[in-house]
Ligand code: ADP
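To begin, one chain is listed below as structure tokens, in the form predicted on its own.
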Amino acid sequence: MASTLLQIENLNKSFGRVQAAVNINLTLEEGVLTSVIGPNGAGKSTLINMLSGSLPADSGRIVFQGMDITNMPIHRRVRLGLSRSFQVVNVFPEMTVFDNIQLPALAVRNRSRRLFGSLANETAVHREVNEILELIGLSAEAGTTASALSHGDERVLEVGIAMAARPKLLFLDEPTAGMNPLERERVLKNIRRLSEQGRTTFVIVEHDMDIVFSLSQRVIVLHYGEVIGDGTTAEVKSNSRVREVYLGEEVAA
């Protein structure tokens, strides 16, 4: 039986008269690759921002591995094992691929980048960075400056950066945005492989239904801040309310 990673209890958030999260109650389990979907304005980003700590909730509770993190700052959530990526590529363009991943790997060890010069013998750090590079398929680009990567490889690198913080739960916000079909397939293959290894549990915010239904074990559907669907891809496809307010004939097809 999968263990509970995150519990969301009666979570609410409003912006003036707009309710972006309405009494959300969810449980995320370890090892279950989950997608969060919904039309624009559904509250997807608001939910992820509250869970990751960049936006305070108006009310409710967030519990991560049995610990109340509702009011915990971002850096403490990251140290506990909860991380995220963003819609916009967020890498250090003038640093090498290796150093982009080494920086958060040092941070979780309470080290600083100013110590890079003295890290020649830091075999544990180097070993971990090389392992992540192998996992995400960028070993051959370790010495390449991040700005020289393709858009798809930059997105892959961003996943590697997030993995370097040793997350137990990782939110990916539209990880294939702006990619061509070949880049998209590569990223999806990597995410699926990383998920199957069980090291990190992934939750993906996504608009592309092909991605959602080919990748996910569980799909959560939001609409105007409310959860209107939650289950397997088959269950969500057959959910009449989901079909009515969001998916429509796209699901039927």
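The first residue of the sequence shown is number 1, and the count goes up from there. None of the values given here were measured: they were computed from a predicted structure.
Omitted here: the form predicted together with adenosine-5'-diphosphate (ADP). The next part is about that form.
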Answer key, adenosine-5'-diphosphate (ADP) contact in the predicted complex at 4.5 Å (heavy atoms) among I211, V227, A42, I69: the residue is A42
Assert contact residue (adenosine-5'-diphosphate (ADP), in the predicted complex, non-hydrogen atom within 4.5 Å, options S52, N190, T34, T46) equals T46
#### Entry: Residue contact check: V245 to adenosine-5'-diphosphate (ADP) in the predicted complex, 4.5 Å heavy atom
no
* To do: Considering only heavy atoms, tell me if I24 and adenosine-5'-diphosphate (ADP) come within 4.5 Å of each other in the predicted complex.
  => no
Worksheet item: Going by a heavy atom distance of 4.5 Å, is A20 a contact of adenosine-5'-diphosphate (ADP) in the predicted complex?
Response: yes
Checked 161-192 against adenosine-5'-diphosphate (ADP) in the predicted complex; residues with a heavy atom within 4.5 Å, sequence order, are none
